[in-house]
Ligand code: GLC
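Take a look at this single chain in structure tokens; it is the form predicted alone.
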């Protein structure tokens, strides 16, 4: 109890340190802007401290919403020192981008509805209704955009066009697909001449985090090359898909989208609003389509290539996120829970690793290729509770809080030793630690 109180105070200090007034930056220096799912997780924690500030976090995020409904993964600060960040993306090349706010041209996991409902639970009904009424049009437009632009064949699953859209930036399925494509000539030259060693000196991220915990410079250049191609096509999905480098129906993204759809239906019902029948039908189709990502031979879910429908069989923490989606059967959920019980898989001392320990991709401190993250733990804890696996949820909650209490509010953690990695004073780690402490049951 005393440990929880100390962690609570430390977490509050982290959020105060990263507070930019209307939004919370993920971490000082490395992440100065507003990120989509970061702000949603932050709002979930902030609601316990200041519900109005939590609401402001979401409204600040929605000011970057495009006129076609997309919510971008980053809303940029307008300080002169960040002009380069804004110019790399040039959101203004797309006619749907907002005029007075600079953003990226891609999105991120749709956790907004989750944050909205969690905030709503802190409000008395009249205030909750007003809150829902305030955000409902934006939420509806976002979900309709996802179906309109990212499920062009109306098959149920939505596609992503850049690894950054998944939030799990260097997760193995995407990195494997990226490495399978021929390097652009200019990047090949850099690799052959080993000029990437020089470029390392100018990387902003490695000034804050050890380089062995981040992407390689060649991978960074490839990711920016993909972004440059999207910008060249003005982030127009039709042009992007005509000559797409690669597009993937990401498992983690679709699992989170299913849960977001459930929340959107609940919000609409609370407001006595009728969702469009076609939208409801497509929501149900997404739930059914998730089973197309199940591989009976390995007993896991995987992401899928959008064009070929080939499963990308690289085990990652995404296989557990259908628990959060809440749409799979109890029997299937039981099969997933069993994966948590293997010490050399997803069940080391400080679970849950983003890649299982027995994967050739596993690296204990390399971003989304091994470390344990508080946000994915939080999502899985939520799913475990709803499926009735109370003991598993309690154990994961306890190990997660122990990990943060011992090491501090870092970005991610070594799942074997619990050692901290990534950026220090990380906002969503602090916010979700607060939520886990405040919502023990």
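Everything numeric here is computed off the predicted structure, so don't read it as measured data. Positions refer to the first chain, counted from 1.
The following text describes the form predicted in complex with alpha-D-glucopyranose, which does not appear among the structures shown.
- With the partner omitted here, the stretch from 398-406, 24-32, 52-60, 379-387 that lies within 4.5 Å of alpha-D-glucopyranose by heavy atoms in the predicted complex is 24-32.
- Taken together, 151, 244 and 306 are entirely out of contact with alpha-D-glucopyranose in the predicted complex: none brings a heavy atom within 4.5 Å.
- With the partner removed from view, the residue among 114, 169, 177, 219 that has a non-hydrogen atom within 4.5 Å of alpha-D-glucopyranose in the predicted complex turns out to be 169.
- This chain lacks the partner; the member of 368, 253, 301, 235 within 4.5 angstroms of alpha-D-glucopyranose in the predicted complex by a non-hydrogen atom is 368.
- Taking the partner from elsewhere, residue 319 is found to have every heavy atom lying beyond 4.5 Å of alpha-D-glucopyranose in the predicted complex.
- The closest heavy atom approach of residue 108 to alpha-D-glucopyranose in the predicted complex falls within 4.5 Å.
- In the predicted complex, alpha-D-glucopyranose lies within 4.5 Å of some heavy atom of residue 37.
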